[in-house]
Ligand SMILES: Cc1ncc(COP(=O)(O)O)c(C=O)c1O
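This document opens with one chain alone, in structure tokens, the form predicted alone.
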Amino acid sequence: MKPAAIPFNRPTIVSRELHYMSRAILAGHASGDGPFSAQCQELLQSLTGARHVLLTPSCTDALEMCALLLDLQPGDEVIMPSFSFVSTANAFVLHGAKPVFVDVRPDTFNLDESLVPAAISPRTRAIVAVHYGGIACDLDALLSIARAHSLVLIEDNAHGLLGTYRGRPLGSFGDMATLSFHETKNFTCGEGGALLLNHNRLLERAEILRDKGTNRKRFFRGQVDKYSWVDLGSSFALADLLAAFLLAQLESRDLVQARRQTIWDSYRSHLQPWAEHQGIILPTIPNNCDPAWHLFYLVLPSLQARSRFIAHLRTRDILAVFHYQPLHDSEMAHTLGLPNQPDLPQTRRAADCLVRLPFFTDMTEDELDRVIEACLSFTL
């Protein structure tokens, strides 16, 4: 019998997800800000070191809340990598900012901190640091730049929950940070996210923005005798039904992370000699970083080589995929009339040459062996 195809991702139920969801339904509070949401937020606050955590329906929503908290004015600029998911730019463009795209480093594909100062102008308001693959940006350098220019640092930590930089959790460095609980992430509730705040002064307005622009939180705390519309906002709270699913995932974090690290290490150890012989590059982990074990990628020598490699794995019923296309050269960037930039060479290299291997928590040893064997049978 032909073995089953190996997908790129497979969402995993790891413990009490269905039990907790049943409890949420029976308790009669399935909408936002219920008891499971409170437990998730408290646990995430402990795990990330953030001062405040607010669950959101997606990481995209959390990024939009960051944009609203910036009070952006037309013409304001936000520096970010071009090699990122569209939400990194879209969230700020929706609220009036102009993205200023900067190239990424050749080793980690994170924002190249050495290029950020030249991108700063009098209209710059913030820097968005995307921790690609759950491996930290150079946060020492980015924090120093942000402070020197009175800029807000935002960590787009969609990939990096439980990753660290110099032993400190990602998400605890920036003024604000965001998380993703999409089904492709280490911990999921299907679709979900979180906004992390590291300044007390941001919390009250963030609660208002998240609650449709009302001061309902203050009303529930007895601080006002009625609540009303006081600011901009939207429906940015995660349903408690989904928070119940998420809590079970987070409670199993040690099991999840141990398994994902085993898969990552197995890819690395088995593929390293082959990759060196073929001129293929494996992920780099800087000495001061502990990764989140979110994904495993290869960097092929060319776009043609990557296309051949993906096709080679498909003949063996294995789905490997490429990742982001350059935001600075996208159709939307041209529609917005963003200034033409010289091509960002490392962004282009990542877009053309990077391929992600199947990676999910309940990947079996047989599936892992099949992917490794298929890789080793490929030659340039």
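Residues carry their position along the shown sequence, with the first being 1. Just so it is clear, the structure is predicted and the values come from calculations on it, not from any experiment.
FYI, the form predicted in complex with the ligand isn't displayed, but the following is about it.
Undergrad: Using the partner position in the predicted bound form, report whether residue 219 sits within 4.5 Å of the ligand, counting heavy atoms only.
TA: Residue 219: no contact with the ligand in the predicted bound form.
Undergrad: Quick one: does residue 59 come within 4.5 Å of the ligand in the predicted bound form, counting heavy atoms only?
TA: Output for residue 59 is yes: heavy atoms within 4.5 Å of the ligand.
Undergrad: Decide whether residue 82 counts as a contact residue for the ligand in the predicted bound form under a heavy atom distance cut-off of 4.5 Å.
TA: Residue 82: no, not in contact with the ligand in the predicted bound form.
Undergrad: Could you confirm whether residue 159 comes within 4.5 Å of the ligand in the predicted bound form, counting heavy atoms only?
TA: The answer is yes: residue 159 has a heavy atom within 4.5 Å of the ligand.
Undergrad: Only one of 46-54, 327-335, 60-68, 312-320 has heavy atoms within 4.5 Å of the ligand in the predicted bound form; I'd like to know which.
TA: After filtering at 4.5 Å, what remains is 60-68.
Undergrad: Quick check on this chain: which one of 242, 142, 130, 263 has a heavy atom within 4.5 Å of the ligand in the predicted bound form?
TA: For this set of options, the contacting one is 130.
Undergrad: Though the ligand is not shown, can you say which of 182, 205, 306, 253 has a heavy atom within 4.5 Å of it in the predicted bound form?
TA: If I apply the 4.5 Å criterion carefully, the residue I get is 182.
Undergrad: Using a 4.5 Å heavy atom cutoff, which residues in 216-245 contact the ligand in the predicted bound form? It's fine if the answer is none.
TA: Contacting residues: none.
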